[in-house]
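Only one chain is included here, represented as structure tokens and corresponding to the form predicted on its own.
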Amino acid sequence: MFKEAIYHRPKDNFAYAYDEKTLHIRLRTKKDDVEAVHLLYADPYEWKDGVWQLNRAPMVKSGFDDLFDYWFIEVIPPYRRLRYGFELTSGNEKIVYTEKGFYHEAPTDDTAYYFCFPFLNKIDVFHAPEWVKDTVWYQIFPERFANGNPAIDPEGTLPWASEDPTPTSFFGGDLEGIIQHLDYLVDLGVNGIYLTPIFHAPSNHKYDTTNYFEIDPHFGDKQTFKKLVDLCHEKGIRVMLDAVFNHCGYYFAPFQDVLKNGEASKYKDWFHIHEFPLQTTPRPNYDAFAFVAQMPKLNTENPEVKKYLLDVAAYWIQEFDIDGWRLDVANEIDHQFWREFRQVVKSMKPDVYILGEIWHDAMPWLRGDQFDAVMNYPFTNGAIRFFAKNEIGAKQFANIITNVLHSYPENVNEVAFHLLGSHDTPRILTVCDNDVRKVKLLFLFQLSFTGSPCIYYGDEIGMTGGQDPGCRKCMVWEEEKQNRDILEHVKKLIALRKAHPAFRRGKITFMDASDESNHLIYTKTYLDETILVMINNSSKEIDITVPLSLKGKWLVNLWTNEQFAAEAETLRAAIPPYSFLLYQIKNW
């Protein structure tokens, strides 16, 4: 066995408390190198006649990627503490892997050899809002969704959708426009709205905040926002706001004070200033988001800044009963700030959703003391590369998704935020080279995946556009200009997600992935329900054999409602190009 590839550590995604009684334990080995793994475990104080009483239980292979196999077991320690190791077998070779290294036989004279989970403390269990698992989000860029009150349009507002957007153009989208189209969102089936920033700011995107306690007047006022939240709640829709706490806008009053008074400003320590006087070119002599001088970075370690921002977080929950905070550029803010942020918002509303914008491995933020979830861009990139761009084959895609799932604990994956596009990325129909079939497959995979999916406004009706600002066009409300085929497809998938717990909450298992035919087969299982998904991501019709024993099962086509009994051991199916089959598997 290739010992260098064998890896475990008793924390994070490799060993964690799934709930108040249950431990999940994972092991990594070289791909196709190990035939079987058993967990060796016991309470550290279970001794008899001077011998530690080890238990032995088989682990299951939970998945694999390009390089590694992953093994999994669920354990309920009777006294909530555990010492453990691993017995690995390959042919005639057997080794025992512990924290102290490798052995031919399992040591029983001392527990110190073994990995340690000291105690399963209830307060350490990762807890995220239960409702998120059943939520389909809809991201709205308020300036481009709908103009419901032209009286508050900014100067120079263009007629709705009269031309393509520029980085500085305004079309008059506002909160009242969202209110007027809530029935559309209800009909679509979404039950969560994620609004990009709505606070006072000079730009159309509002990521350059000047006052965190005020609604931008071109979007409306607090009364209108309160009305929006209340109406959403009446219709079963949650509301999540976007918090830009990493940086402020150039015209944020404390920063203007520093510009005016320099080193004598009482706000000078609110920012990371290298020297005085402040300069914006060629690069700012103060820390800023991506060297953008108009977005100076806030010093969240400063007690006054921290209090100001935490008061902001509390205010919008207390006064308007929002349901979530999406945190912009969250990875550039210190962890201690986020720990205190969580304590503040959860003390006010325990089931508020905390979502961080992090594009890379986010395990340090997902240990239960900071965020509930992050925006799952590795999922996004894998899906786009496979379904939209055909850059990778089915095997590599399955490996990527398996790697994503094994990068985090299972209870973290259950509330992860999955997106296909956003205000920062090209429209998915554009990325798919206007092939509607590919868009449908993207939505199928996203909406059948475990976690909390998010639809970017207009993607469900086939809007197009390249990189920002092209992806921020005005929402198309004329039905004759909408792609109703995509819309009905998305509505049906959301309905299936609501009707079938396995579709939204189920554990995903890849049954087959072929690079030759570029097909993908996976199951979603939750409690006693199993759903089978077969996808042909190629330009040719293919015949697929499902590597699953189905004899004696009843299959229900969830797309057509046709039903039949599987009399043969396996199922063969012909699937047209860029299409799919979707079955619920039942016992006779």
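Just so it is clear, the model here is predicted, and its values are computed rather than measured. From 1 onward, residues are counted along the sequence shown.
Keep in mind that the form predicted together with a further copy of the same chain is missing from the display, and what follows is about it.
Listed stretches are 234-242, 495-503, 112-120, 88-96; the contact stretch with a further copy of the same chain in the predicted bound form is 112-120, by a heavy atom cutoff of 4.5 Å. Think of it this way: in the predicted bound form, a further copy of the same chain has a heavy atom of just one of L278, V305, A288, A394 within 4.5 Å, and the residue is A288. Of the listed positions (E46, E35, E541, E529), a single one reaches within 4.5 angstroms of a further copy of the same chain by any non-hydrogen atom in the predicted bound form, namely E46. Of the heavy atoms in I76, none are within 4.5 Å of a further copy of the same chain in the predicted bound form. At least one heavy atom of N13 is located within 4.5 Å of a further copy of the same chain in the predicted bound form. Although the partner is absent here, K551 is not a contact residue: none of its heavy atoms lies within 4.5 angstroms of a further copy of the same chain in the predicted bound form.
Under a 4.5 angstroms non-hydrogen atom cutoff, a further copy of the same chain in the predicted bound form has H272 among its neighbouring residues. Although a further copy of the same chain is not shown here, in the predicted bound form the stretch 51-88 places heavy atoms of L67, F68, Y79, R80, R81, R83 within 4.5 Å of it, in sequence order.
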